[in-house]
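Listed next as structure tokens is one chain, alone, in the form predicted alone.
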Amino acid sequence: MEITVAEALVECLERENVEIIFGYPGGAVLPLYDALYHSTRIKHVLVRHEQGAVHAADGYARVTGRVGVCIGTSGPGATNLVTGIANAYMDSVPMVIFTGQVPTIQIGTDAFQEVDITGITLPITKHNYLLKDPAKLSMVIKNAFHIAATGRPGPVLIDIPKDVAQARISFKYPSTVKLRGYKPTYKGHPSKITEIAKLFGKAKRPVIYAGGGVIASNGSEELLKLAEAISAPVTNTFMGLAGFPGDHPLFLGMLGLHGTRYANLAITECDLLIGIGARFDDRVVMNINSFAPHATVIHIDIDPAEIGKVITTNVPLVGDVKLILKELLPLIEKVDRSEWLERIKSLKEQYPLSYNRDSSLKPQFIVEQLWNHTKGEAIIVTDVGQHQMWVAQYYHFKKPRTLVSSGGLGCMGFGLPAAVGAALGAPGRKVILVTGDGSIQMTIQELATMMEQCLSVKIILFNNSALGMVRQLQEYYCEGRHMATNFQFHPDFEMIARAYGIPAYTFRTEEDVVKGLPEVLDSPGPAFVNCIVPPGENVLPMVPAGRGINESVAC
């Protein structure tokens, strides 16, 4: 019996155990939506903008570890997905994106709502397909999900012309993947593992530098065992936060541009730097010449292209973090590093995170209270900007997949739709969005999606009437000339929230937060809290451009 390609696509998704698809319909994807209408196993979530669909699929993927799925139509529907695809690519998030396309005979004719989306997304997808042969649908989808989820995860796009979606085929779903040339390395080379174990034994001042690859590989437990076995302090990249317990004595906090001074100084003083699932990006390394100048560098990563790309690596090891650490642990010999740990303790005491408290409501205080009430049990979603960095500094993530944020791309507008995806991916969990007044206005329409899906997301808005992070950069690099970063008009956020049927509050003082925040967080249903914070509050510490990681501007 023959079925349409669109019907076969839905059958394929069901075989891949897809539960939720985020999307926005249009003419070129009508056959897909008509086929979805008959599915009893897949829930479709209607967003209010295609960017909301891709960010929601991203949030879903980050909290579940599964492949996120979204759909957009041709032309503007497809191009509206591009930012979110780039975001997923930069942060190694597994995702499969379906776009509609004009009929094959019209491709290349500048037909209505035609864009070359495979060409546009070639640099920001792990792989993409323009499906012209209906018979290849099943194998393309099987391969796409495999590519997205294996090796270094990432987004895969499948563009389907409308006439192909309507074609009829005999359906059969392949049981195996056939991909010549795509064979990610998972097991580490035995001789390199032995060499690394020996370096552990010789080092006097080791530091573990862990990134998002630890979380992607589900290797957090092994990382904790390694740190304790070799008595090495651990610092996380922003994407690595939640990969190591934030309240552990060995934890140094985040490093880099807005990292703790003691993390940056520990990197400067270490004699062995163990990079695990991290890519030595510019926000971490800052000045290459002064990054870990005395250290032998070990780099463990599943992506061979990242090793040696930025920092000279003495011992490279390609493979899956979890598997490699499991092989390393039995080879480790206990070494007394009490002197190094005392030095770390003194750095923490000498350079603690701090901020000046006065009569205004400081954002750092809000994050501290958020931590005090949740103790790391909530899923924290952020947008991008100052609020994001304050969360990174003052919230002590304890469990993997409890931070959802845009790292590599730094995408404002990510937070609200990502919170929708996170809440749908983790039903029953407390999901809290911390956002800024600039970020939330980019995708504020997704409040409708949140309410339509009956999600109990708590929204904490840091309202400083400014694009705070850019404003801060203008203070340092533009001699305080604040051009286009102060909002001259601001909406009534409480009124907007209530228009969507969301209970809303405004906090102006520390007392408001202490009294009101627990009530908001513990109440059933969604909530919107508008926190009025000072526009001049900056994120510190901060490493000025061109300086070494050890040259932070102090709090």
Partner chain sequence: MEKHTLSVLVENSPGVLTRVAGLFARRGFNIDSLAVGRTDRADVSRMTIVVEGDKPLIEQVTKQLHKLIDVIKISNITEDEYVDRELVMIKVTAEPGQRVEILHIAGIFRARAVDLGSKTMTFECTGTGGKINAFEESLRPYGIKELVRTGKIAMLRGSKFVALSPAQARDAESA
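Positions refer to the first chain, counted from 1. As the structure is a prediction and not an experimental result, all values here were calculated from the model.
The discussion below concerns the form predicted together with its partner chain, not included here.
- Shown alone, this chain has one stretch from 174-182, 285-293, 373-381, 218-226 that lies within 4.5 Å of its partner chain in the model of the complex by heavy atoms: 174-182.
- Although its partner chain is omitted here, in the model of the complex all of 123, 136 and 147 have a heavy atom within 4.5 Å of it.
- Mapping the unseen interface onto this chain, residue 251 falls outside it, with no heavy atom inside 4.5 Å of its partner chain in the model of the complex.
- Among heavy atoms of residue 305, some come within 4.5 Å of its partner chain in the model of the complex.
- A residue is said to contact a partner when one of its heavy atoms sits within 4.5 Å of a partner heavy atom; residue 129 meets this definition for its partner chain in the model of the complex.
- Taking the partner from the other structure, its partner chain in the model of the complex has a heavy atom within 4.5 Å of a heavy atom of residue 309.
- Of the listed positions (430, 152, 142, 343), a single one reaches within 4.5 angstroms of its partner chain by any non-hydrogen atom in the model of the complex, namely 152.
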